[in-house]
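Consider the single chain below, provided in structure tokens and representing the form predicted alone.
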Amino acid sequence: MEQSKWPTIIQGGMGVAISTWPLARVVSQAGHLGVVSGTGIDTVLVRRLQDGDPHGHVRRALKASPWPDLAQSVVQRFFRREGRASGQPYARVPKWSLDASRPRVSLGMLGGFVEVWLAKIGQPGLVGINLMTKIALPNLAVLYGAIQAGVDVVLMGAGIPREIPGVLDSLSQHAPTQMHLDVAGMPSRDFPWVKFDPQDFDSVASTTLKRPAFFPIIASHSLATMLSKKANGSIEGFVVEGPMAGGHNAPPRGPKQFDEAGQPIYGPRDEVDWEELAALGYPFWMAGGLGTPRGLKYALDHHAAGIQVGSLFAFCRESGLNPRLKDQVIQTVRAEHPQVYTDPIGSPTGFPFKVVQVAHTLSDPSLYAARERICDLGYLREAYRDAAGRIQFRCAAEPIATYVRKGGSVEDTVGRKCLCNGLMASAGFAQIQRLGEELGIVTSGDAMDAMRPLVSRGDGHYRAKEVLDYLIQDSL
């Protein structure tokens, strides 16, 4: 597709179930690129079923999947018509591993299918899916499910997704595929493979699948240059996220420096050369602090195809953010004192992570300290090789003694937050643990003031269509 034919606005693929299918569907129907989040989508799938699947959307999508027997088994195992009883924990599923079972892998595949299918069904607009490169174990299964549902674009950051173009080629042909798993302390030449074979799931090879476009999410023109030369398949565009973008940020380049609040300082080396990026010949979208009409104009004036916008959509009515948290943030913006802290150590990944200061969430140091450390989801675990040479997994946010026993250092556990449970809770899927319900953690870009024109009316709540109308009012 030519650059001029790509949508101007990409809706960010935010968090865990914040960029849900209803949000992506509205943006897509309006002629832009709606994006669903694929992070933790297998857990989201089974928790929706356990909460009673209001309106039956999940079961309707599962029934439409190419794997009716697998879908039926998932419904039989997890669906609770009346939802969970008060105080009842969600049923847990095993954490991902290199040798994950067929039923476990199928949850990722079905999760990817359901979310994209619901966003696309009955409407002709473009829908993308966003995944984190670092969360390698589920990605192949989730991508295959999304491709079966007709996903148009795959967007991936939080790492260097050099192998994903070839993965998309293989999966769209129902062929076995694999990608390397990064292992701490191991030479890259020895990294093990994460493997996925569509034929393990009785996929019909005669069906023709569309190979989706691939947009790596990057933070520098040098990475775009490298990927354009060394990726193992075609790239159709880039999303360029600056340090003001929400969620995980790329660490600053060069020596680490921090401001008085302990936030990482970004400098000239972190600035993107737009002329050099444009010279590569790919369409690209700017992201991070540009969610305004002026920001869109700036992007178009600097050769971009448009902008990716996250925070404005994260707090709209159609997003999956818990309504209580959404209202707290909106009222904070209306009162003109939103606070976003770029936490350099909060994420188990070691990447900076932006946290909105919201009452009764993990942004409160006392509530973070009171939480019992547990790793029962494990998406952000790090692979390492144990003394016997086996590949194992650890997380800097898990119990400290457990992490140290696995070869991790105590220093790496300081301040680490369980983003898996925190983000799941923010989307309304809080697990009930031994000491009570998990608390949420809210992320946003730095430029929350950009929301003010949208929240200044009525009760402050607004819809995704209003975001689009606001952004494009004077820019196109």
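Counting begins at 1, following the sequence as shown. Values in this document were obtained by computation on a predicted structure and should not be read as measured data.
Absent from the display: the form predicted in complex with a small molecule. The rest refers to it.
Engineer: Using a 4.5 Å heavy atom cut-off, which residue among Ile217, Ile147, Ala141, Val355 comes into contact with the small molecule in the predicted bound form?
Structural biologist: Flagged contact: Ile217.
Engineer: The small molecule isn't shown here, but in the predicted bound form which of Val153, Ala397, Val309, Ala304 has a heavy atom within 4.5 Å of it?
Structural biologist: That would be Val309.
Engineer: Could you tell me which of 240 to 248, 182 to 190, 276 to 284, 402 to 410 sits within 4.5 Å of the small molecule in the predicted bound form, going by non-hydrogen atoms?
Structural biologist: This holds for exactly one stretch, 240 to 248.
Engineer: Do Ala314 and the small molecule share at least one heavy atom pair within 4.5 Å in the predicted bound form?
Structural biologist: Judged by the heavy-atom cut-off of 4.5 Å, Ala314 is in contact with the small molecule in the predicted bound form.
Engineer: I'd like to know if Met14 sits close to the small molecule in the predicted bound form, meaning any non-hydrogen atom pair within 4.5 angstroms.
Structural biologist: Taking the distances in the predicted bound form, the answer for Met14 is yes, it comes within 4.5 Å of the small molecule.
Engineer: Taking the small molecule as it sits in the predicted bound form, is Asn130 in contact with it (heavy atom to heavy atom, 4.5 Å or less)?
Structural biologist: Yes.
Engineer: Taking heavy atoms and a 4.5 Å cut-off, does Ser444 contact the small molecule in the predicted bound form?
Structural biologist: It does: once the small molecule is placed as it appears in the predicted bound form, Ser444 has a heavy atom within 4.5 Å of it.
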